[in-house]
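Just one chain follows, in the form predicted on its own, and it is written as structure tokens.
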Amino acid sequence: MRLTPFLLVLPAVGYIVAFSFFPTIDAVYLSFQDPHGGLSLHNYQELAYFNVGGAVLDTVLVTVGALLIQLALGFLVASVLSREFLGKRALSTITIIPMGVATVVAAITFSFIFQTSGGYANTVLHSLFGINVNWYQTSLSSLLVVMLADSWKNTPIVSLILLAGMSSIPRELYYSAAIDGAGSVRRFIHITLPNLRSFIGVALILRGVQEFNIFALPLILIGDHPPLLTTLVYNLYTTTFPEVGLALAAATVLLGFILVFMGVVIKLTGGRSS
């Protein structure tokens, strides 16, 4: 009888090992193989010729920027939805609509919004300030477009996670702090943030891993320039096939960043809240 729980989860564990862990370990191993079948750093040395440093920097910028935008908007939306007011259900429904929009559709929509000529964003700017902006003139502005498009689509999931955390905080804590003279900012810093630490960690891991793997949005909005690690992997795979060592090496670099990111987030948010 004691083995029953382990036997019940064994098929799921076997599935994950066979279709997730084994292909990943095999890809990492193959990334260290040179064209002659020996183990070496040949593929990683070759990556230096394909701007892997720029792709790493762009990926980190998009991940950090998008997470900051989504956390800020997520806190704002969750704070509003945690209160009782007329029209709360309607606002909740409107808030989660972007989650149901396909990534490709969102990317095409934002490509229309940020078109250099005739785009909705430039139409508004021209009517208000008489200016037009080339959103794709620099790498930073191009990455900003990707961050905004990704944040529009994925802020709802961050909002829902934070809202679940806010709903679990006892109201008595806020009442007591208000009686002691604590303002809204001090209540947010000393009550909300500490009690939401584990929920923030979940949101950061869930969204951070997906941000590192963001692919369709940048590919449609900015193509492969400036490159992200995912678009670089795709570019290397399509241009060097059937030799895929370079693509596997770039994918291993991406995997390394994801593991480091998860470790840092778990270290910072995994402790017990006080």
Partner chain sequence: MKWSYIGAIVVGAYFLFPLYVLFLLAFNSPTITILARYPALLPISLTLNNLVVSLQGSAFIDPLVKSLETATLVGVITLVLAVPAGYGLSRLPRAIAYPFLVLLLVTNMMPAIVIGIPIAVEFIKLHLFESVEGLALAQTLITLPLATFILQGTFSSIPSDLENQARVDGAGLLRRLFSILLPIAAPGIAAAFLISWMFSWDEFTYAILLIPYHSTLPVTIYSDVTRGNLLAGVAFSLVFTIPVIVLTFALQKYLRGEYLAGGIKA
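All values derive from a computational prediction rather than experimental measurement. Residue numbers count along the first chain shown, from 1.
Beyond the structure shown, there is the form predicted together with its partner chain, which is absent from this document and is the topic of what follows.
Out of the listed residues Ile179, Leu193, Ile94, Leu140, Ile94 is the one that sits within 4.5 Å of its partner chain in the predicted bound form by at least one heavy atom. In the predicted bound form, its partner chain sits within 4.5 Å of a heavy atom belonging to Gly100. In the predicted bound form, its partner chain sits beyond 4.5 Å of every heavy atom of Asn134. By the criterion of a heavy atom within 4.5 Å, Tyr175 is excluded from the residues contacting its partner chain in the predicted bound form.
The closest non-hydrogen atom of Leu8 lies within 4.5 Å of its partner chain in the predicted bound form.
Proximity of Leu86, Leu219 and Leu248 to its partner chain in the predicted bound form is complete: all three residues have a non-hydrogen atom within 4.5 angstroms. Counting a residue when any of its non-hydrogen atoms is within 4.5 Å of its partner chain in the predicted bound form, the hits in 149 to 170 run Ser151, Trp152, Lys153, Thr155, Pro156, Ile157, Leu160, Ile161, Ala164.
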